[in-house]
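Single chain ahead, by itself, as structure tokens, in the form predicted alone.
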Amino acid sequence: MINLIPKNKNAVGMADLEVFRSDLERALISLDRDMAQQIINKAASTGSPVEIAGELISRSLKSIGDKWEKGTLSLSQVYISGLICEQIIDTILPPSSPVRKNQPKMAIAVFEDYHLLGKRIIYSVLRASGFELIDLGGGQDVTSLCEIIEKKKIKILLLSVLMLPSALRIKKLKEKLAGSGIKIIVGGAPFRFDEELWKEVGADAYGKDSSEAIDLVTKLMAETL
């Protein structure tokens, strides 16, 4: 039985959030969008949208990501959970909402490849957690990224990489962007095989999954603002 009644109608306490989080996680794992919407709507009526996005949704998605890392959930459950939350969060925090996180311009892309699933999961989880970021898709190279970053004044860039040669070319990208103040977070197979590679190519951080992406973006935001 899912408990949707908070103890305090004026604010969401930690105990209430944990009840909501546990219920939301079960709904997402079951891919029950209607129940997830009901839980988030009830939580949003008792607390600020920022609190709901930053605490309830992001913590639920991080827990789901952790379970996938341990092999107890499928990648499709992680992916669809992110999509469900991304859709729901726009009902309480539309893209133009002034209560979206105060943040520098951010973007995400697949570097020199078109395998988009990993990037899409990260994008969905970050959006569902209240962050705004531009999805640059796949096939971006050094030249195109430099042009986009300059034009859109991107300050945090997340890059998904599939092959080692592409990972190594991030060093050239970083060199061309020297002096711009941009922070680059990398992820993908080459960095999982060699967890020191991100330092070699000059990236500012490496994340192995969506839950780490939330933490890293939050940390780099504090350094950039």
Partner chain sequence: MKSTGMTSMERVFTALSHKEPDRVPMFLLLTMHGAKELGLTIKEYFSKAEYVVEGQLRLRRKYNNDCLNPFFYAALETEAFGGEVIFREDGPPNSGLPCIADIEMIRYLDPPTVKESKMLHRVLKAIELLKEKSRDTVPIIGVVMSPFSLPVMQLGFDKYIEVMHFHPDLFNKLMQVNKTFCIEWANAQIKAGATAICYFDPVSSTTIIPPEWYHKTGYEIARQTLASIKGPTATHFASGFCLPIIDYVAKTGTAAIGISSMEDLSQLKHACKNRLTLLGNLNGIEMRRWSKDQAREKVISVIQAAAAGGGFILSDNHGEIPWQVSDETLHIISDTVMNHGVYPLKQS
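In this text, rigid core is short for the largest set of C-alphas that superpose within 1.5 Å between two forms. If you're wondering where the values come from, they're calculated on a predicted model, not measured in any experiment. Numbering follows the first chain given and starts at 1.
In what follows, reference is made to the form predicted together with the partner chain, a form of this protein that is not presented.
Contact with the partner chain in the model of the complex, defined as a heavy atom within 4.5 Å, is made by all three of 163, 166 and 200. Residue in contact with the partner chain in the model of the complex (any heavy atom within 4.5 Å), chosen from 26, 171, 42, 33: 33. The chain is drawn here without the partner chain; in the model of the complex, the stretch among 55-63, 34-42, 152-160, 185-193 whose residues come within 4.5 Å of it by any heavy atom is 185-193. Put simply, residue 74 is close to the partner chain in the model of the complex: some heavy atom of it is within 4.5 Å. The partner chain in the model of the complex comes within 4.5 Å of no heavy atom belonging to residue 142.
Remark: residue 112 counts among the residues lining the partner chain in the model of the complex, judged by a heavy atom distance of 4.5 Å or less.
None of the heavy atoms of residue 127 is located within 4.5 Å of the partner chain in the model of the complex. Residue 143 shows a C-alpha shift below 2 Å between the shown form and the other one [criterion: core-superposed Cα displacement of 2 Å].
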